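The data below hold one chain only, encoded as structure tokens and taken in the form predicted alone.
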Amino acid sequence: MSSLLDTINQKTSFDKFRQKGVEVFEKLGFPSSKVEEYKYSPLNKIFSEAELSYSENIIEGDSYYDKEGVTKCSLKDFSEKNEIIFNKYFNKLAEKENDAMVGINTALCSNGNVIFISKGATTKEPITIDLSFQNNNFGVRELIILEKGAIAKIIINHNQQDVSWARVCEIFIGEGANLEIVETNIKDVSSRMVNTIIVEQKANSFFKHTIAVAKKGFCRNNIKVNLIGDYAECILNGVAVTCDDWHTDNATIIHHIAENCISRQLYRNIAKDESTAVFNGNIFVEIGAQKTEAYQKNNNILLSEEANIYTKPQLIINADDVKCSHGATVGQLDEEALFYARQRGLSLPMAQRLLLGSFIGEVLDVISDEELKESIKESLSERL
């Protein structure tokens, strides 16, 4: 790893973070199945150190600076023009993670995207980030900052093909701010990826994240939300459709630290052929987080005997005045519902597609952009 660092130009804003990232990765290495959080998605069988290489991230789409309080630009550009803000936020959440993939991402970070919404500003149109590159890239980095009272909608599209990569996105949501993110990973391309999102929410803030995955290869999404201010609320929804030998794993951690906060999670998986779908959900309620409301549900449908579903919802509660629940189901399509659909003249494939479309539709209904929502539904339906 030291020889890898020697090949990197040591004259960027990221140099001071790299060494610690190297140390974390050297200590932990790619997680194996012996690591509980990666029991069903061992990364040591997916990646190898031989794949690790340094490459400049490609920044896709328009960049603009302070456009009515909204900035979208590269990490390098932002670090130079807003050094104080950059140093205040960059790597502040990531450095607390004892995670090998966050470590290697920090070590190899070269550039990325920044979205900065200043106090009270609102995005008139959704901001789109298209992640697309041709080579292995374990240093994809993003920084999203909403100051007090800011409002933003962001769409993130994953378009990578036949590459191995790791992404870390740090999100700071200020007091009273409102952020909606929709991530799509539904292009007909193959890749091996670990996608880590780390969020900090202050008082009275709102965060909604929806992710749709239907891709070839391997996909692990780590989503971690820290509710540090009173009356913060977050909604996490996700849907995955897996076919052939695809493998998708959604892992969430909601950390309730402040009082009167609300979190809701709904994840649904459909697994066909010899594919695998995994859900690991954790809710932690700290001693001082009274009046917490936390709900988590994971529903799964198996469409073949060879497909695999693994689900593990968990609650760890250290406060006594809370409302918390979690649950998971694994099953097949309802035969009675299929029968009634057939009675109305639908063929078996059409009936199955109708029921499966309804199954994933509830997850996607939280998306506020109707056109985007219907586009995602249509793309997922093509895989059913």
Partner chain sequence: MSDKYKNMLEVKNLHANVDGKEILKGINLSIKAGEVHAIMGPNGSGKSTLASVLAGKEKFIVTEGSVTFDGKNLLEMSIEDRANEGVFLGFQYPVEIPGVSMANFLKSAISEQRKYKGLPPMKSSDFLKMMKKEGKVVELDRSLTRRSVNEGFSGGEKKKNEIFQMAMLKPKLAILDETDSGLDIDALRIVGNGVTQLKTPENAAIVITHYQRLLDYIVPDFIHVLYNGRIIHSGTKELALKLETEGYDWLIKDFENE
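Positions refer to the first chain, counted from 1. Worth saying up front: this structure is predicted, and the values here are computed from it rather than measured.
One more form of this protein should be noted, the form predicted in complex with its partner chain, which is absent from this view; the next part is about it.
Novice: Note which of 362, 23, 369, 15 lies within 4.5 Å of its partner chain in the predicted complex, where distance is taken over heavy atoms; exactly one does.
Specialist: Filtering the options by heavy-atom distance leaves 362.
Novice: Between 35, 28, 315, 355, only one gets a heavy atom within 4.5 angstroms of its partner chain in the predicted complex; which residue is that?
Specialist: Answer to the contact question: 355.
Novice: Is residue 323 close enough to touch its partner chain in the predicted complex, meaning at least one heavy atom pair within 4.5 Å?
Specialist: It does not: once its partner chain is placed as it appears in the predicted complex, residue 323 has no heavy atom within 4.5 Å of it.
Novice: Does its partner chain come within 4.5 Å of any heavy atom of residue 332 in the predicted complex?
Specialist: So residue 332 does not count as contacting its partner chain.
Novice: Would you please decide whether residue 53 lies within 4.5 angstroms of its partner chain in the predicted complex, comparing each non-hydrogen atom pair?
Specialist: Because no heavy atom of residue 53 falls inside 4.5 Å of its partner chain in the predicted complex, the answer is no.
Novice: Hey, in the predicted complex, does residue 347 get a heavy atom within 4.5 angstroms of its partner chain?
Specialist: Yes.
Novice: If contact means any heavy atom within 4.5 Å, which of 315-323, 35-43, 66-74, 347-355 contacts its partner chain in the predicted complex?
Specialist: Looking at the partner contacts, the answer comes out as 347-355.
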